[in-house]
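As structure tokens, one chain now follows by itself in the form predicted alone.
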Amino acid sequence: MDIGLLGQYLANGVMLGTMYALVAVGFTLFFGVLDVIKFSHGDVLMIGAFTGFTTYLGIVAIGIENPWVALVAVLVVSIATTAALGALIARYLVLPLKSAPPLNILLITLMLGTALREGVRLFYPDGSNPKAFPALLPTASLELGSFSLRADSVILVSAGIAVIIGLNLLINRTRLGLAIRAVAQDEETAKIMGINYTMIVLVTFAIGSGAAAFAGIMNGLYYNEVNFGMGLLLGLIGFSAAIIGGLGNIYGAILGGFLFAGLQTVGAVALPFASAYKDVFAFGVVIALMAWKPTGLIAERSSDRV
């Protein structure tokens, strides 16, 4: 294979890995703090992407044409709205069912995801059709033979990695992160020590949902399209990445995200029947890995959960 084409596949893999890692981190945060699997996470990501798209339409409608101003507005409104949605889900759907069987929370979040998805499809203007997401980043590219390095891809990957590093520092280097880890390790002891348990849960769900919104905006900017079903596959991949990395471990979630993207890249490059089955290949390998190592590649320890 041409080295330039191989480099193109690798660059695409890094981009996808960054998005998947952001989604997987959300699943890990939710599970680490409340031992719940929030299956509406992918659809919350979709809400973030559509919120960003709607914000852009509003910015254009009031006559603002500067793409950087529009990008900042899209990110701020999308992340803030989705973070608030995540906190509301935690407050009114997840926490009231805390003592219920885990299957109840799984089912209610699964149904919520369906409601969000169908709500956008039915009530958003022409919501059943894909929307052309605006190209708000520079479109220049560096051509090296058959390898094309796009400026927008470099910016998106750099921003995504910066967010991942920021989340890691937040969890491991701040008082808020210490409180989150304390709640994840031992809820009752954390309460005795004066930590506001409910507030920490709400903040954690807001952080995870905000990260998903960022991933949704990244997806829209990269593919120049958003649609009401985009959260289905991204949510499933993010969940698979969190599981294979080690659910409850933030480093495992990041590793799982990049591993899944790497498997898709290998599938697209190596399979003789082209890239149409790259997802089948990636999920097949993940199934085999889970059969070999059910606890994930980085097994969770209660002492360093989240």
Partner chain sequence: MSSIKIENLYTAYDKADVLMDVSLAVEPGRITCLLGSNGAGKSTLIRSILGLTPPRAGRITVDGKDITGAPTHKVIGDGIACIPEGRRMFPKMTVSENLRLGAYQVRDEALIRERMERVFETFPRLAERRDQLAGTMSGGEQAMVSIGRGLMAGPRILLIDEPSLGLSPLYVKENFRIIESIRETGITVFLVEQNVRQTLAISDYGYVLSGGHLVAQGSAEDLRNDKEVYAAYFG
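Positions refer to the first chain, counted from 1. Computed from a prediction, not measured in an experiment: that's the story for all the values here.
The same protein has a further form, the form predicted in complex with its partner chain, not shown here; the description that follows concerns it.
> Does any heavy atom of K131 come within 4.5 Å of a heavy atom of its partner chain in the predicted bound form?
No, K131 stays farther than 4.5 Å from its partner chain in the predicted bound form.
> Taking heavy atoms and a 4.5 Å cut-off, does G194 contact its partner chain in the predicted bound form?
Heavy-atom contact with its partner chain at 4.5 Å: present for G194.
> Decide whether L178 counts as a contact residue for its partner chain in the predicted bound form under a heavy atom distance cut-off of 4.5 Å.
Residue-level check for L178: yes, a contact with its partner chain.
> Might T189 be said to contact its partner chain in the predicted bound form, defining contact as any heavy atom within 4.5 Å?
Close contact exists here: in the predicted bound form, T189 approaches its partner chain to within 4.5 Å, heavy atoms only.
> Look at the candidate spot formed by A182, Q185 and I200 and say whether its partner chain comes within 4.5 Å of a heavy atom in all three of them in the predicted bound form.
All three within 4.5 Å in the predicted bound form.
> Select, from the options 212-220, 76-84, 133-141, 170-178, the stretch whose residues sit within 4.5 angstroms of its partner chain in the predicted bound form by heavy atom distance.
Answer to the contact question: 170-178.
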